[in-house]
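Take a look at this single chain, the form predicted on its own, given in structure tokens.
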């Protein structure tokens, strides 16, 4: 692929800026293994977009199979063009499905996830419960569904955060030069917990890629998600967040199960719902 096109490719920028497949998959492995005493081998990525996690899962071993489900044909086409042809024999163990995640998928898998807060597209509780029921139906016995959420005082107000990203490469090996990732929360409505947010990308000597991604979300709370998951039939629901190193004043990178979670400046939680 032409490197100039990569430089203006919002999906390539997004993957460099936001996604960390190995870190996420390590936790999914751990969450399943802790309850089942074996390694998971089958995986479904709901709201998969460009299927970064699904592909990384399949790359973990010849017995690993992955399915990616998304309703939007554009990122699925991107994955088929810019990712799967470059992972050789792994591609045959990755199946991309254009479908509504509120429809149960087959075959049933060990682990499923809806990360990057993607499930917040559901503004109504009935739609959220419908998704959770379908996700549960698509899990094998003992399977786990992992979702993440964020919150805190700072999360519920307009803000703009800028993060500089080093030069990297796209899945096909083409260069992605250094750029600035801008996360902007434009509006938050406390009445219905509706959040409007944008992602912008800025690159030296190039026009700003404004509103490369637009999010119209409902910020569900952890108790609301727990109640919906149990109503959908999940038998257990656990919350995890990163540990904090007070001496170094930084997160440890290790997720710990929480019974209490302070509503501090901003937190991110991973939620595991077990079939």
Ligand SMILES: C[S@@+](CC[C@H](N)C(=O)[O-])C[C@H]1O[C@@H](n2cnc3c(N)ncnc32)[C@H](O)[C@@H]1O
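Please read these numbers as outputs of a predicted model, since none were measured by experiment. Positions refer to the first chain, counted from 1.
What follows is about the form predicted together with this ligand, which we do not show.
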Task: Contact residue in the model of the complex, from 87, 130, 99, 104 (heavy atom within 4.5 Å of this ligand) - done: 99
- [ ] Name the residue from 48, 66, 31, 229 that puts a heavy atom within 4.5 Å of this ligand in the model of the complex.
- [x] 48
Task: Residue stretch of 155-163, 168-176, 78-86, 111-119 approaching this ligand in the model of the complex, non-hydrogen atom distance within 4.5 Å - done: 111-119
Task: 4.5 Å heavy atom contact, residue 137 to this ligand in the model of the complex - done: no
TODO: State yes or no: in the model of the complex, is some non-hydrogen atom of residue 237 no more than 4.5 angstroms from a non-hydrogen atom of this ligand?
DONE: no
- [ ] Could you confirm whether residue 71 comes within 4.5 Å of this ligand in the model of the complex, counting heavy atoms only?
- [x] yes
Open item on the list: With a cut-off of 4.5 Å between heavy atoms, is residue 27 one of the residues that contacts this ligand in the model of the complex?
Closed with: no
TODO: Scan 179-202 and write down, in order along the chain, each residue with a heavy atom lying within 4.5 Å of this ligand in the model of the complex.
DONE: none
